[in-house]
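The chain that follows stands alone, in the form predicted on its own, written as structure tokens.
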């Protein structure tokens, strides 16, 4: 086995370290403020330091039936949208990678476009299209909206993995008599498994906290981000809203953290085998 080479890269300068710390502080400080004020006993004013400490708002939040309905709907939508994204994103990546046809780059660009467009543009376009077709807004229209940008995440991950996969392995499998299904199951799937898992985790996190394209509701139910948005007009419910926002942050943090670890681990493994 090839030996690991020592890391001889120079350390980062203090200026670069300060810039990195400042960026992290800018991104994460508001989330810590939300977390801090989930423990305030005063439901109307926010002062620092806190006038006291309480965990009662967690109990109040967990007793809200409308919260549980929104949380359940968000989890269901994220799960179905992720499954759809895994299937469509994988097929699209395989088609773009393995086929050389006219307009391939244009199709690849169109697949990536939804993640680059502002969410409000995607939401308005979807709402107009679905309304113009006289399709009633429901659970499945929310799934369609979320799948439009979840597919991009899976497509990017799987296509990148296809490009790093040795094509001779697939050719050898076919030469040895394996059919297309056997080649996919025993050669292709093991090679793209970590990319699928990482893409699925990211897609789930994106779908769960997406607010723009879920402005159309499923009957009287709304997804969790829309529920949080509706609570902003109720100052006395703000501590409960902070609790729910903290739950959303934790639920979306875990899939992204796991996906990052999977991607980093697979990259290190590939580097060691070269």
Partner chain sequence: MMNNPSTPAIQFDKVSRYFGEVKAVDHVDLEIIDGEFFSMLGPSGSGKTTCLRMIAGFDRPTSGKIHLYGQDVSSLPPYERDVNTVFQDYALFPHMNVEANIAYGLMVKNVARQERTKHVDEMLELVRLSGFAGRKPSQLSGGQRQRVALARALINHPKVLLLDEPLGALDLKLRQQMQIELKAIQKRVGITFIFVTHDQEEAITMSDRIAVFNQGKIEQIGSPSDIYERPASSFVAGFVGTSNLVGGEIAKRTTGSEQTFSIRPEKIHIGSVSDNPASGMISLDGVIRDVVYLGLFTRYLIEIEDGVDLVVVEQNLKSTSMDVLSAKGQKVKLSWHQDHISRVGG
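Residue numbers count along the first chain shown, from 1. Nothing here was measured: the structure is a model prediction, and the numbers come from that model.
This protein has a second form, the form predicted together with its partner chain, left out of what is shown; the following refers to that one.
- The candidate site formed by 172, 180 and 187 is fully in contact with its partner chain in the predicted complex, as each residue has a non-hydrogen atom within 4.5 angstroms of it.
- The shortest heavy atom separation between residue 79 and its partner chain in the predicted complex exceeds 4.5 Å.
- Taking the partner from the other structure, its partner chain in the predicted complex has no heavy atom within 4.5 Å of any heavy atom of residue 72.
- Within this chain, residue 138 is remote from the site of its partner chain in the predicted complex, having no heavy atom within 4.5 Å.
- Residues 166, 168, 169 are the ones in 131 to 169 with at least one heavy atom within 4.5 Å of its partner chain in the predicted complex, listed in sequence order.
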